[in-house]
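First comes one chain, alone, set out as structure tokens in the form predicted alone.
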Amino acid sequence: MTAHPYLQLIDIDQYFGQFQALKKVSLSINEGEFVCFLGPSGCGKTTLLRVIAGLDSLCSGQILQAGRDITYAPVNKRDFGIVFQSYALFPNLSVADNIGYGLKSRRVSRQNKTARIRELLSVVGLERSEQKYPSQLSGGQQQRVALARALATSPGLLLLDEPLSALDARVRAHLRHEIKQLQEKLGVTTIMVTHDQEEALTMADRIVVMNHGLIEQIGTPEEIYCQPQSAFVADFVGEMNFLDGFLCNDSQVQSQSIRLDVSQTGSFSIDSPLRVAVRPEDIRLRLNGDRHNVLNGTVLDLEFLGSKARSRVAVKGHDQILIADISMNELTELELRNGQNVDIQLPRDRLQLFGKAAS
């Protein structure tokens, strides 16, 4: 990582007619960093990527790449390679010609061009595929060709627009590992747009969570998952249980007839309406000697998820159904079954509080 940002976005606003797709977006990305733009459909993540690439003309703001102002630079004057969701390979060109397409305008000699194509095919694991055509390749292989083509000119910035969404789950998981390894090996600064939280959590150095044209939070995968700064981030990344309530004293929250101990109340004042959040994996069904925040409930159903089981529990004194995840070993030891009466614990140090507008 360098001391100075490689890419800087400053107060980016983007409109489509009267609709504002991006609202004062500012972001700095370091050289060699892998950053994911994560968010639901329509949040502005692809619009932001297209603005960086120059595919959409920017309404207002500034973009700096390696200290150079590229805000209004044409596409061919920007230093990037891009991979689209649809791959966008030329069906009438061989793999070699697809990869070497961007080298035409660089006046690279035939010998150097051939060497570069072979080098990239080796990098993406497609040796001896030069003469094949896209129709002869699987979806995963086509995506590797698209990636090799984006890297052919040795760009300073690699842009990935939901590159794995068209692939089946097994190929997707394999390719995301390969892309991350390749990015680390080459050291190319990379931005990937995705709506898949698992992709973002496993691949990114930092995640930019977006919603309604705004950046909700920027942080490492661990920070985004473990320390969400808003209820939206907590809900969008991973599974989360929410209980509405209010702060009744400096260490407790009242939610319907339930009173919960909390470790931190932040800046909330007494009687502040708020939401208590707890991850399913943090709810305990095997209790130790500490009996704080123990609730009684009934197991409504159990869902087998391979290495774990997900239970839905109806809590006595509350109308919110809680989701609790436990290991298969715990499921066997506790002999859980539908309709069983159980005690569950919401550990105070795992509860997070978020503001809620008063109704």
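So that there is no doubt, residue numbering starts at 1 and follows the sequence shown. Note that the structure is predicted; figures quoted are calculated from it, not measured.
Just so you know, the form predicted in complex with a small molecule exists too; it's not on screen, but the next bit is about it.
Partner proximity in the predicted complex, defined as non-hydrogen atoms within 4.5 angstroms of the small molecule, places exactly one of 296-304, 35-43, 327-335, 63-71 at the interface: 35-43. When contacts are judged by a 4.5 Å heavy atom cut-off, I344 does not count as touching the small molecule in the predicted complex. Using a 4.5 angstroms threshold between heavy atoms, L9 stays clear of the small molecule in the predicted complex.
In the predicted complex, H195 approaches the small molecule with a heavy atom inside 4.5 Å.
The small molecule in the predicted complex comes within 4.5 Å of a heavy atom belonging to A21. This chain appears without its partner; in the predicted complex, the one residue of E216, E162, E199, D205 with a heavy atom within 4.5 Å of the small molecule is E162.
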